[in-house]
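Before any questions on binding or motion, here is one chain by itself as structure tokens, the form predicted on its own.
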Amino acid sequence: MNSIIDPYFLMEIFLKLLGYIPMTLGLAITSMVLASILGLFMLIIRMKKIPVLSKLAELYVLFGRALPTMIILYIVFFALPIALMIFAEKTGQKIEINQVPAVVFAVIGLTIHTGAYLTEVFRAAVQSVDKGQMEAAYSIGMTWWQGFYRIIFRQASVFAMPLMANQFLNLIKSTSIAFMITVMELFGAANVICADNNRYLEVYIVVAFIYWGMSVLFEKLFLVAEHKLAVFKKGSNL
């Protein structure tokens, strides 16, 4: 090799790694959607102060934010099969645990971790909306659910969007640890390529470029979404 970095090899690796982008984005997008649903569910439980459940939601947020993503991923990967085996023994159901793809465990682990952060993001966003607006909703005959969706939720989404964008960008990077439970995503594929040729610098330069490109793309998309939602901040179309 006549130079430290071979541009032809860079292009070759780039073309190889392109095929693993769908897995990385699939993990990130699926986990983000499920985490948003989970976070919103936990928020509502805490807002409604449902007995027992609200305390469990607080514990979930505490542990979900305190534990590293990898620890959560390993717990899910090793504990869930055990739980399924116990369930199968108790109910007599036949569950083919070995047939469950590793990507399922990765999505569950990433969802649990991200959902805890999004719960706090949603809570802060809801608290940014004047409480008097919900009282006004009650005064014109709206139910709690109607007031929450038509007034609070729409305005809170404007404040939550930038923080959700940060969480999603972090989630894209967090998908790299899915390789630890045998999910072959972008970073995992890069490690395999490095093991074959020992050209770590060039491979990781390409990987860094791909992650940077995905981050820039989704940051722009979130900015567009934030701009579209800004209409609710002005108090119209409620």
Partner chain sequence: MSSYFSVDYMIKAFPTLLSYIDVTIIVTIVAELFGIVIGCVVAFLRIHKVKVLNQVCLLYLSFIRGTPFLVQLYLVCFGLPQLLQGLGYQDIRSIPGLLFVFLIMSIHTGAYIAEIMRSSILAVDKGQLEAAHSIGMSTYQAYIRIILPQAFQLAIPALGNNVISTLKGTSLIFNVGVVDMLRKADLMGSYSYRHLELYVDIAIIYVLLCFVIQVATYFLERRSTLGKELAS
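Just so it is clear, the model here is predicted, and its values are computed rather than measured. Residue numbers count along the first chain shown, from 1.
From this point on, the text means the form predicted in complex with its partner chain, which you will not see here.
- In the predicted complex, Phe41 stays away from its partner chain, with no heavy atom inside 4.5 Å.
- Looking at Gly26, you'd find every heavy atom of it more than 4.5 angstroms from its partner chain in the predicted complex.
- Although the partner is absent here, Thr30 is not a contact residue: none of its heavy atoms lies within 4.5 angstroms of its partner chain in the predicted complex.
- Interface residue remark: Tyr60 is not counted as part of the site for its partner chain in the predicted complex, having no heavy atom within 4.5 Å.
- Taking a 4.5 Å heavy atom cutoff to its partner chain in the predicted complex, the contact residue among Met184, Ile45, Leu34, Met70 is Met70.
- Stretch 86 to 94 is the answer when you ask which of 148 to 156, 126 to 134, 104 to 112, 86 to 94 has residues with heavy atoms within 4.5 Å of its partner chain in the predicted complex.
- In the predicted complex, the residues of 151 to 185 lying within 4.5 Å of its partner chain by at least one heavy atom are, in order, Lys173, Ser176, Ile177, Phe179, Met180.
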